[in-house]
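Quick heads-up: it's one chain on its own, the form predicted alone, in C-alpha cells.
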Amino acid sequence: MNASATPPLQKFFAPCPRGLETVLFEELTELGAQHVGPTDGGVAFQGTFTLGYRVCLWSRIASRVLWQLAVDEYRSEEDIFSLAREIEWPQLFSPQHTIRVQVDAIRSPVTSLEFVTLRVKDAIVDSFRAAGEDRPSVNTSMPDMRIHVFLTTHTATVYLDLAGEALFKRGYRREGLAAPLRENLAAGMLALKGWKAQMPLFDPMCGSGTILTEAAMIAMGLAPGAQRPFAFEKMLNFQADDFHAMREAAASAGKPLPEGLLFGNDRDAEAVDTTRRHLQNIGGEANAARVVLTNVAMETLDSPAPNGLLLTNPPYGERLDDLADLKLWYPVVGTWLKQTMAGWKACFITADRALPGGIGFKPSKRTPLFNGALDCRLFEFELYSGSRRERPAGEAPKINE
C-alpha cells in the first residue's frame, strides 16, 4: 500500500476510573495505539479509525472511546456553537438516530454548561436542516449517539462516543442490577497487580462475582466487548467487514479456563448463585464449573492454594451500625489472614481508611482509586507466616508484621 492510500490517523480519548491511567496506557499500547498520552482521568491516543473499534472490543479498562471531531480556542458560548456547527453531522449519523450532548469543564469561564449544551444541540440541528434532513431527537437516557464536549480555560473539544453505553457494561450482567464494583475497575485492579492468570486468584467476599468474572475473561482470552453492541455500528462510516472480522477473530481466540486458578466465596448464597450465572454467561457451564465457589463466612475458610493473589471488595460500613460491626469484624479478618493466608498477597479496595489498622496489618502499598464517585484506596498486604526480619529466639511474631 502506498503512502497516499494509508488511512489517516484519528485522535481519540479513552476516559477511565481515576488511578488506572497507567495500566490503560499500557493496554492501549498493546492494542496498537500510537502517540499514547496519559492524563488525569484517561488516556489520549491516535490510530486508524478501526483502531477505535478494536479498543471498544478489547479494552478492559477504558470507560469509553471518544473520537475527536473538532478542537479550537473559544471565548464565549457562541464560539463553541460555531465550532460544533462546522462539523458535518449528517455525514456521521442519520436524523433517525437519537442524540445526547454532555458538556464537562475544568476552569472554564462560561457561566452555564446547560446553555452550552443547548447551543451544541442547536448546531447539530442546524447542520441537519442545512442538508435538507429532519432534525434528530434528543434521548437523555438511551441515545444512539452521545456527543461529548470538554472545555478547559481556553479550549473546546468536541467528541463523538464510539462505545455508546459505557464499556464497563460488558453484557454478561443480565439481571439489570448495578454492581457495587464496576467491571473496568475490577479489571484495572488485576492489571495494577500484574495478574495475568499466572497464579491463583481468590475473592473471599465475591458478591456478584465482578472480580472473578473479569479474571475468567482474562484467563480465557475473551474480549470484554464480545457480547454487546456499540454506537459506531450505527454510524454512516461504519466499516462492517473490518469489525465483523475483528469479532470473528475474538470469538476464535478463546481458550478453556484452567482448573485450580479461580476461587470465590460469599456468605450470601444468592450472591454466589449470581456469580455462577455470570461465569456461565461468559464461558458456559463447563468453564464456570472450574471456578471453586463456596458459601460460608470468610474467616472459616482454608487457604485454597499455597500462594496467590487475594483481591476483594469488602463492605465499607456506610451506615453507623455497619461501622460498629466492622470494628468488631476487622480483627477477626486480621487473625484469619495471619493464620490461614500466609504466602499470599492480599488486596482490599475500600473507602474505609480504617481497614489496615482494624485488621492489624501495615499496607505495603496503597493506591488511590475511584469506584464511580466513591474515593477508595486499594490496600496491599504481603502475608508472611513469620516476620520479614530475624527475631531473637523465643520472641513471638506480632500480627501487624
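For every residue, the number given is its place in the sequence shown, counted from 1. Quick caveat, the model's predicted, so the values are computed rather than measured.
The following text describes the form predicted in complex with a small molecule, which does not appear among the structures shown.
Although the partner is absent here, residue 184 lies well away from the small molecule in the model of the complex, with no heavy atom inside 4.5 Å. Under a 4.5 angstroms non-hydrogen atom cutoff, the small molecule in the model of the complex lacks residue 80 among its neighbouring residues. Within 4.5 Å of some heavy atom of the small molecule in the model of the complex lies at least one heavy atom of residue 206. In the model of the complex, no heavy atom of residue 214 sits within 4.5 Å of the small molecule. The contact residue chosen from 322, 233, 299, 104 relative to the small molecule in the model of the complex is 299, the criterion being a non-hydrogen atom within 4.5 angstroms.
For the candidate set 226, 151, 179, 261, a heavy atom within 4.5 Å of the small molecule in the model of the complex is found for exactly one residue, namely 179. Highlighted residues 265, 313 and 329: every one comes within 4.5 Å of the small molecule in the model of the complex, counting any heavy atom.
In summary, the region of this chain contacting the small molecule in the model of the complex, judged by heavy atoms within 4.5 Å and restricted to 116 to 124, 133 to 141, 218 to 226, 197 to 205, corresponds to 197 to 205.
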